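First, one chain by itself: the form predicted alone, in structure tokens.
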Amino acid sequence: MSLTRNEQWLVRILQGLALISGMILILIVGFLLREAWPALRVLPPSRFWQDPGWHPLEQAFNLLPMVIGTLLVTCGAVCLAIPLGVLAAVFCQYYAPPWLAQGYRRLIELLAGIPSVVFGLWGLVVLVPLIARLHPPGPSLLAGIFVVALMILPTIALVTEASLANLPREYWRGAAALGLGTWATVQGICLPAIRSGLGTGVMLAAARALGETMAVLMVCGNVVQMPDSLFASVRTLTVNIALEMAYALDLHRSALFVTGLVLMAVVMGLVLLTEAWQGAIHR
């Protein structure tokens, strides 16, 4: 298939932008490796998983509690946001009248644009005291899960709704010919048909949850420990960098860049897992 001159220029521009994006990613990884190298050269990798804790003055840099805290906040928020986001998209697309669906969609878009510090402030002033009444002290893993779930819910809802809107009308005609109702069609035909789009929305939401800093810093308690319950305080990898980078020196500063490398590895693992899942869907 031959391309016109304008299409050839467009392809070249897209290829150039893709190359620039890849070069930026390589530069970021290279910068992290360069800054983390002093700690990686002095400390064996096992130290970052087996040290007694995170005590920079004693040169103890155990990242495992923060990795666990990050994964628990992210997984909990995603598990909470997926059903809420999918149901919101289904309601907006198939059940709400047009005037209500349009207003509801605008509210979700507005929710997606609220700065994370506002979510954190709401969680600190409203949610944390409510949890403290149930189980002190209040700042906890549970508070982080609720706040981050609220932040990523619009991403899942909007991507899911866009995927549902692009489904061919033949699906509904075939379902109607079989005598299926609305919910049976949504559950049995529409949602399975948009698994790829839903997976993309979940990946974007999980990536935002992994990288969230301010809201988590304000509601999770920021204690470096292995959480033994939903009410325990935790510290995530991003919060660790934000709290200590301003005054860190020498080996401590380099260990914070190791934290950034670990966080990037977690995000890369998420992307590879999503790609493998979508590949399995298309087989």
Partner chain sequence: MVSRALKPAEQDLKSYTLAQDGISIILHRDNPISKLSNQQIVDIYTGKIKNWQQVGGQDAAITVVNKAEGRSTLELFIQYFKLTAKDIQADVVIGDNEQGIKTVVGNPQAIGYVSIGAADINIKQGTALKLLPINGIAATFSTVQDGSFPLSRPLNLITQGQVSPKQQAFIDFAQSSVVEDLVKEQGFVPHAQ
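What you see is a predicted model, and the numbers here were worked out from it, not measured in a lab. Numbering follows the first chain given and starts at 1.
Omitted here: the form predicted in complex with the partner chain. The next part is about that form.
Listed stretches are 169-177, 100-108, 85-93, 124-132; the contact stretch with the partner chain in the model of the complex is 124-132, by a heavy atom cutoff of 4.5 Å.
Looking at residue 255, you'd find every heavy atom of it more than 4.5 angstroms from the partner chain in the model of the complex.
At a distance threshold of 4.5 angstroms between non-hydrogen atoms, residue 38 is out of contact with the partner chain in the model of the complex. With a 4.5 Å cutoff on heavy atoms, residue 27 does not count as touching the partner chain in the model of the complex; it lies far away. When the partner chain is considered in the model of the complex, residue 55 lines it closely, a heavy atom lying within 4.5 Å. Taking a 4.5 Å heavy atom cutoff to the partner chain in the model of the complex, the contacting residues in 223-237 are 223, 233, 235.
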